[in-house]
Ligand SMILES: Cc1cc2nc3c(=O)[nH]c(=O)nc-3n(C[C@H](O)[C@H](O)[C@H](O)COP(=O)(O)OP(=O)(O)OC[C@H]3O[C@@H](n4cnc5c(N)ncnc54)[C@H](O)[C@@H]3O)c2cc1C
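First comes one chain, alone, set out as structure tokens in the form predicted on its own.
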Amino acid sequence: MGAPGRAEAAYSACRVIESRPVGAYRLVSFIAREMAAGARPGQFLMVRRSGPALDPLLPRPMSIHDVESDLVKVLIDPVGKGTLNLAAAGVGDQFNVLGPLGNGFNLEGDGPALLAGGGIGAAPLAYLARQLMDRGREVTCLLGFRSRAQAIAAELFRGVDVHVSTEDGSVGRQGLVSELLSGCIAGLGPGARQAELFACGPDAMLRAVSATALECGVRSQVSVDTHMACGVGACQGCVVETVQGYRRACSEGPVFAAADLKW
């Protein structure tokens, strides 16, 4: 057997020290000192559970939910074989992790920051919110979920102004996160032109919030939700169409200027 490829060799063994339910999701924390030191909001990891079994064969992409000292945290939506396997990990179990990967969000602005997340797309916004507040920016989080079970994840956003919508009306405002955004931008008045939108979620949600922001003259960065098999740009299975042509979400994204995407 030949030597492992560069991407395979870069996987690190990381010990799980916390695994707990957060409503419909599961929060898992593991020790990864170098990853924690180099992580930026909006980046992601390729994660698989250690063990002899190779089912599922491929790792799963996980947004970096938060970083604390030498700990990295991910929020898992257990909906398929791969994510169910990760969510079943307990304290003391081991993950094999590659990352941090991707470009992350650009934090260089200084105006009000509006963070919009849909479902598990809320996961990377907690770390982003904290980093933006550390830079002195005014931060508002707008989180949209299907139900109360998912909306419990909003409790992870401590110390930040959070507004929640649910499709069934069980928590917060009934409706979509794009509707929350419209009201928030209107509340900024003339200051909306200095605001910036950071969004993560399913494509339909990203299209809606990007269109709302564009109508109001608010610039936007979006983290696309597309299937990633390798995480390093080798398989080219995660391409998205932009005004400059097709780009690989894992290596040239997952964050893009909304104006650059061809929806």
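Quick caveat, the model's predicted, so the values are computed rather than measured. A residue's number is simply how far along the shown sequence it sits, counting from 1.
The same protein has a further form, the form predicted in complex with the ligand, not shown here; the description that follows concerns it.
Quiz item: Any chance residue 225 has a heavy atom within 4.5 Å of the ligand in the model of the complex?
Solution: Yes - in the model of the complex, heavy atoms of residue 225 and the ligand come within 4.5 Å of each other.
Quiz item: Any chance residue 48 has a heavy atom within 4.5 Å of the ligand in the model of the complex?
Solution: Residue 48 lies outside the contact set for the ligand.
Quiz item: Wondering, does residue 77 line up within 4.5 Å of the ligand in the model of the complex on heavy atoms?
Solution: Flag for residue 77 set to yes.
Quiz item: Any chance residue 40 has a heavy atom within 4.5 Å of the ligand in the model of the complex?
Solution: Outside the cut-off, so no.
Quiz prompt | Contact residue in the model of the complex, from 199, 32, 28, 62 (heavy atom within 4.5 Å of the ligand) | solution = Selected option: 62.
Practice problem: Please pick, from 172, 112, 100, 82, the one residue with any non-hydrogen atom lying within 4.5 angstroms of the ligand in the model of the complex. | Solution: Selected option: 82.
Self-check item: Options 161 to 169, 69 to 77, 185 to 193, 137 to 145; stretch whose heavy atom lies within 4.5 Å of the ligand in the model of the complex
Solution: Stretch with heavy atoms near the partner: 69 to 77.
Self-check item: Heavy atom within 4.5 Å of the ligand in the model of the complex - qualifying residues of 232 to 259
Solution: Stretch hits: a single one, 254.
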